[in-house]
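Next comes just one chain, in structure tokens: the form predicted on its own.
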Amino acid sequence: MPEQLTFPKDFLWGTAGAAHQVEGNNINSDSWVLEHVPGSPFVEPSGDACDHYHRYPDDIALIASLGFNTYRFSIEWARIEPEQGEFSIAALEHYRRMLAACHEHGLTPIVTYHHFTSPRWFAAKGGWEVMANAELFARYCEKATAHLGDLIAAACTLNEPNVGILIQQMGFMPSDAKLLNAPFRAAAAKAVGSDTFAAFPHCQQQPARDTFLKAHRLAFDAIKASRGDFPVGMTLAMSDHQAVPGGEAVRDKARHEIDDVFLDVARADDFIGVQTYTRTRYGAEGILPSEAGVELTQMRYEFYPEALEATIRYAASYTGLPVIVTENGIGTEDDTRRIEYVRRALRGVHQCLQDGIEVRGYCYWSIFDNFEWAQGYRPKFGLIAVDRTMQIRTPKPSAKWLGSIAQENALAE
């Protein structure tokens, strides 16, 4: 008989998506602007995406039918506040219906208030590079919570506010570099009739970091003061930082800048959301390339699912908080490798639990093959394939495999 690695009662077994990546036609967002500026490094625009905005009733029913008990999704600030100070009750009611559908199908809804995209008017005001704009984010969180809070089970204020620093530390991809250069930013500003345009994560990271930290604390307080009777935290993009002999000081400095500054602020939260995909190796001179012959994912980083156990341990030890794995997954065309990746990642989660670390749940990224920002629709992270011509959903074997683990609350070894 195979060994059964059992998980705690009420463990959250979920999958995740983000509004801009799945909803489609998010025309008031800063990313939509970037996708359509002449010479954009985005290989294709988001367009209709997976049309989740209209198809969410069937999509949520499908998630539940596969065996999951949790759905993490984001609400879109650019829809809720399409112009500064103008809040759309219709958009809020849309997300209220999404939340109600989750409850109807027995799914615990984890809501993210900001998953990379902001309203175009916010980017035109300097976005996250301007400290005063943190107040605008907190106001949006308060308004959204007042309308939706009674149906939210847990919430993340910000998705990966440290990811821009992580990208810069690891080295720019050509698309990242172009999105930051002055001529392209000037073209984006011109497109919205402004002198400035700053969209996250493609903005100056030092001022953005400070704004994010302030925005998170203000948002946390605003949510709690409204109808926020649920756990609130932030999510961080966490790599397993490893040093070869001589690289320890370089690693520790990088980890401080990427993780610790944010974890310090997170200590006052209810949980920490860990989002991990791979490891980063450091030598005395800096980041090391992948070793010859190692398996790489479609995102060109190393297939290394054991990273998740390391980052859970680090985040829990540093903050003293419960952990929710709010993202973990792999971009690949080979679904057998997806299953192997998740199997090994879950072994690490289980070992953390065995050692007394409070891990409350695991959300696979992502529910669909969706829009992966500048890389368009090429990377395949989804448990569910989407024929976007007819918007047909086809669950992959990995979806049924992981859903069965969720139903059994156990991983067979």
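Sequential numbering from 1, following the sequence displayed. Note that the structure is a prediction, hence the values are computed from the model and not measured.
This protein has a second form, the form predicted in complex with beta-D-glucopyranose, left out of what is shown; the following refers to that one.
Between the options 68, 56, 381, 364, the residue in contact with beta-D-glucopyranose in the model of the complex by a heavy atom within 4.5 angstroms is 381. Among the residues 145, 74, 159, 205, the one placing a heavy atom within 4.5 Å of beta-D-glucopyranose in the model of the complex is 159. Taking non-hydrogen atoms only, residue 21 approaches beta-D-glucopyranose to within 4.5 angstroms in the model of the complex. Though the partner is left out of this view, residue 211 does not reach within 4.5 Å of beta-D-glucopyranose in the model of the complex, counting heavy atoms only.
Shown alone here, residue 125 lies farther than 4.5 Å from beta-D-glucopyranose in the model of the complex, counting heavy atoms only. Taking the partner from the other structure, beta-D-glucopyranose in the model of the complex has no heavy atom within 4.5 Å of any heavy atom of residue 239. Stretch 369 to 377 is the answer when you ask which of 369 to 377, 345 to 353, 56 to 64, 28 to 36 has residues with heavy atoms within 4.5 Å of beta-D-glucopyranose in the model of the complex. Contacts of stretch 314 to 344 with beta-D-glucopyranose in the model of the complex, defined by any heavy atom lying within 4.5 Å, are made by 327 alone.
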